[in-house]
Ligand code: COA
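Next up: a single chain in structure tokens, the form predicted on its own.
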């Protein structure tokens, strides 16, 4: 690993010189002279005096360099039967016109725009149009319920909401406009306008503040790129917090652009003209980084897929896309392959397609469990690369540096820290852990370019959530260890955020919804292991004294309530009514112990428990209702 070690050490020992070199990958209007500085709180700020526009760097620049006729986007939608190709020149022109339309609605540099759209090319057009104006976009996943959208509108205070008339999930058409209207009604902050892309699957009825996308664009003049500082915000992306209130992760522009360009070459090993396919959604950080921005910054073609890994139409969907669009590098979540394995265990459908173009398969979003790794490793003729990162970091923290120096893989490991990330393992006292010793995974400051610049409108939460636990370090919230070879193993979350099919959702948020039911006295929501989705939530509920209703009816009401308030994406389908919950004497619910029981692990009675019999009661209830592998758990 000599090449990797040299690069990594330079990035840690000489961060300013290292990232000054990497900044040359980006076409700046004004190159930065100050590479790294620290704010009053001691947090790193990159390229503060440089000027650029990420839309220019990803679109206009490539057109100017003669790449205008190359496809920028392949859109493939088996759920609607649609396919489109947009070249770099076509994409630039559509973005400039839509930016002009937003400008006509009063959107200026620093204004916020909330985007609520499915996987259509116009979602990318809207994101780049915001960036072109220097406006800050906040994309909200189209599967979220009105309450979740309202929370984000209230926090971001967007001047405009951009939406589609509907989304398509399998054979279901989901109208978006009623969701948006309900969200705006619930929000104390009211946007000035809403732009609606009408889709032929369902036309929305427009109201007083609504504008038709097509009509608005037809009368708009193209807008030029607005220069922004390297440290100016590009977007806000909300991630679940353990308090139930989402955190608005703020991403800067210059550092993000540099980090993405660096990663496309050194991690994903793609060159201008290559095709890159990330099977995610623009509502998630993977979509922001590796569908929308990174591929086009690198001059690659990105695949925008409106479909699922299975049932659109079958478990061969990904293989078809790789073959049809000659994909060189493919990136998705392990849960997608677990779904494919369930339906096509021997991957017979893969044999129908020529995927010889594929050179590497990347997985992230959740831990790549060894059984899935081995299934893929036996199946594929290319490297299967697990890598680890977060919404907050925006790009990989640890990876196999496939484009720099490929390394042997180890099942269960994300390989090694990426240059720029000084990853360490600390015990509870903040002391370094040795090889094979588990602890909190932290990153020593300064964080490299591309990582979160703060929490929107809440600097105290930024510090308390990420920087306070271990001064001088960023707390990832994950536990793990290094082995003797320096390979990093991430073992799971140390907080109460669960990972459902690669999507991080807060159990605290679900508890707020469940606990609001008038019949519920107390509740706990835990994440338990699921072979397909990684984790699934289970609710444990204590009814109020005097409750005489039907327990089954109550459980169904609570499931429906979470679906309404958070959305189907929560996969909240199992509730147990219990008499008591195991707690410490101070009143803290022993959630980790509950998870261990549900996952079939041995469990003991901790000395801090207030009522030891409560453990047995919950254990028996879980076994009776067949929760997870609770039948295998035993007291020791």
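Values in this document were obtained by computation on a predicted structure and should not be read as measured data. Numbering follows the first chain given and starts at 1.
Beyond what is shown, the protein has a form predicted together with coenzyme A (COA); the following relates to that form.
- Proximity to coenzyme A (COA) in the model of the complex, taken as heavy atoms within 4.5 Å, picks out 331-339 from the listed stretches 90-98, 185-193, 220-228, 331-339.
- Checked against coenzyme A (COA) in the model of the complex, the residues 428, 172, 457, 374 give one hit for a heavy atom within 4.5 Å, which is 172.
- Put simply, of 254, 419, 142, 158 only one has a heavy atom within 4.5 Å of coenzyme A (COA) in the model of the complex, and it is 142.
- A residue is said to contact a partner when one of its heavy atoms sits within 4.5 Å of a partner heavy atom; residue 286 meets this definition for coenzyme A (COA) in the model of the complex.
- Put simply, residue 279 is close to coenzyme A (COA) in the model of the complex: some heavy atom of it is within 4.5 Å.
- With a 4.5 Å cutoff on heavy atoms, residue 503 counts as touching coenzyme A (COA) in the model of the complex.
- Although the partner is absent here, residue 68 is not a contact residue: none of its heavy atoms lies within 4.5 angstroms of coenzyme A (COA) in the model of the complex.
- If you check coenzyme A (COA) in the model of the complex, you find no heavy atom from any of 4, 10 and 408 within 4.5 Å.
- In the model of the complex, 533 is the single residue of 526-547 with at least one heavy atom within 4.5 Å of coenzyme A (COA).
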